[in-house]
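This document starts with one chain, in the form predicted on its own, laid out as structure tokens.
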């Protein structure tokens, strides 16, 4: 009779896998992908080092899965905002602020995902992540053009430019040795938002500017 995995065993395996990924995520958030060591992950996850290899064939495979998991969660959040029924310009502002704002708050993990030198496998994941990001922007821009909120532009090129501009602008501020975000992180986020909006012909409304100033002062 063929072995059939029970629900209890499946749940335990899933729990162990989640613990391994959580431990790896913590290490990346502290020191980037370079800080990931299988022995330390095993220690923090409460499993034997050999057990890790039952779930992930190598450190590279583990890091790639972690990259996918974290990126999928972030992209899912942005996609939810993008698919709401608010005006396209408001959705665009929210997606920009959410992406840049979350990167600033989780700066070490964000730097690892966006800019840390990585092997070819993680570079491929990063490229896929950026293309997915561009698709989210493209969907908003298409709605905005259709509704007359945004001038008629080449959506594909504009979306790719925005998706590339955000991580490029964040590389310096997010870098481990940088202190740019220590005093006024909101300024970095809002400058990115304004630049991206200007690129598609949108200017922040007076009320939105005032809200930004209040957040910055606070």
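Because the structure is predicted, anything quoted here is derived from the model rather than measured. We call the rigid core the largest set of C-alpha positions that still match within 1.5 Å between the two forms. Numbering follows the first chain given and starts at 1.
Not pictured, yet referred to below: the form predicted in complex with a further copy of the same chain.
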| item | value |
| --- | --- |
| Contact assignment for a further copy of the same chain in the predicted complex, among 153, 35, 48, 61, heavy atom within 4.5 Å | 153 |
| The single option of 187, 54, 43, 68 touching a further copy of the same chain in the predicted complex, heavy atom within 4.5 Å | 187 |
| Residue 30 within 4.5 Å of a further copy of the same chain in the predicted complex, heavy atoms | no |
| Contact of residue 118 with a further copy of the same chain in the predicted complex (heavy atom, 4.5 Å) | yes |
| Residue contact check: residue 131 to a further copy of the same chain in the predicted complex, 4.5 Å heavy atom | yes |
| Close approach of residue 200 to a further copy of the same chain in the predicted complex, 4.5 Å, heavy atom | yes |
| Heavy atom contacts to a further copy of the same chain in the predicted complex at 4.5 Å, residues of 152-175 in sequence order | 153, 154, 157, 158, 160, 161, 162, 163, 164, 165, 168, 169, 173, 174 |
| C-alpha of residue 66 moved at least 2 Å between the shown form and the other one on rigid core | no |
| Yes/no, residue 177 Cα shift of 2 Å or more between the shown form and the other one with rigid core fixed | yes |
| Shift in CA distance, residue 176 and residue 96, in the predicted complex relative to the form shown here, given it is 3 Å or more | closer |
| Closer or farther in the predicted complex: C-alpha pair residue 173, residue 96 (3 angstroms or more) | farther |
